[in-house]
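The chain below stands alone and is given as structure tokens, in the form predicted on its own.
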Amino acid sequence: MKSPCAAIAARGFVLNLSDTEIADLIDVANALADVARTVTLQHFRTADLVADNKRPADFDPVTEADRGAERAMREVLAKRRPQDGIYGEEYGQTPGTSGLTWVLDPVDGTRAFISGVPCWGVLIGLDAGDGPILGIVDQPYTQERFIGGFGLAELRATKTTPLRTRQTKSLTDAILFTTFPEIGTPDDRKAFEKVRDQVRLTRYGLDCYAYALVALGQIDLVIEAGLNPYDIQGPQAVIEAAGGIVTTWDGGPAHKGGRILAAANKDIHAAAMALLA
């Protein structure tokens, strides 16, 4: 396992963090996940859950679980890391002075959440300016927490399990996930279908949980379009810590969102990107 300092240097970051500071950041990330877990479970599978529509043109639901979980995480950060910035899905951006920004999606997969399907999750990323250096994908209902960064790559559940991505070399042996069959624009869909037609198995609808499965070594690829930074930074950090690769479809940095390709290893990433591009 690389030292935390080596891990940061390898990605080009110039932060000088002591072991104590790194331990505090990891502890804060877990504290954020803890409070979000408490809030979201108060609302999950309840009869009185109300979903408002943020985008009248189609359906982009938001609930009090989304809003309440983000408020709770922001309260933790106000007490423990007031110098850091925050970028949350529900309450936008709050500038900081430290060079670090907590990127929060309190409920990724609200459609699944309001349907009672336990594939939604709480996403937490710690962005140092050029991408996440720490991330969490937390599934409160199954009590699974995937964490990656600063030398960590593990699933914390009933027991702690190391995260390691698969080494599948050929698309013909690969398992692919995406959330929506009607991915992106018509051109995006055509590109996605080129990959879909090559892989062994394609499945749909797991939201952020699919990214966690890449890190866990269960699947090989997640391909999506139209993502925001808060949709990808937490999963990106976890997958990269487990040995995977997360970029845009043309191989660029993924931390700002857009069309995203998450792959278990460089070979399967290259094979998928060749078709997407």
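This is a predicted model, so every value here is computed, not measured. One rule holds for the numbers: they count along the sequence shown, beginning at 1.
There is another form of the same protein, the form predicted in complex with another copy of the chain; it is not shown, and what comes next is about it.
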Original post:
Though another copy of the chain is not shown, can you say which of Ala153, Val195, Ile175, Leu77 has a heavy atom within 4.5 Å of it in the predicted complex?
Top reply: Ile175
**OP:** Only one of Ile245, Leu213, Val28, Ala225 comes within 4.5 Å of another copy of the chain in the predicted complex by heavy atoms, so just point that one out.
**Re:** Leu213
Original post:
In terms of non-hydrogen atoms within 4.5 angstroms, which of the given stretches 33 to 41, 232 to 240, 204 to 212, 64 to 72 touches another copy of the chain in the predicted complex?
Top reply: 204 to 212
Subject >> 4.5 Å heavy atom contact, Arg164 and another copy of the chain in the predicted complex >> reply: no
**OP:** Consider Thr94 of the chain shown here, and say whether it contacts another copy of the chain in the predicted complex, taking contact as heavy atoms within 4.5 Å.
**Re:** no
Subject >> Contact of Arg200 with another copy of the chain in the predicted complex (heavy atom, 4.5 Å) >> reply: yes
Subject >> Non-hydrogen atom contact Glu144 with another copy of the chain in the predicted complex at 4.5 angstroms >> reply: yes
Original post:
Would Val117, Arg189 and Ile219 all count as contacting another copy of the chain in the predicted complex, using a 4.5 Å heavy atom cut-off?
Top reply: yes
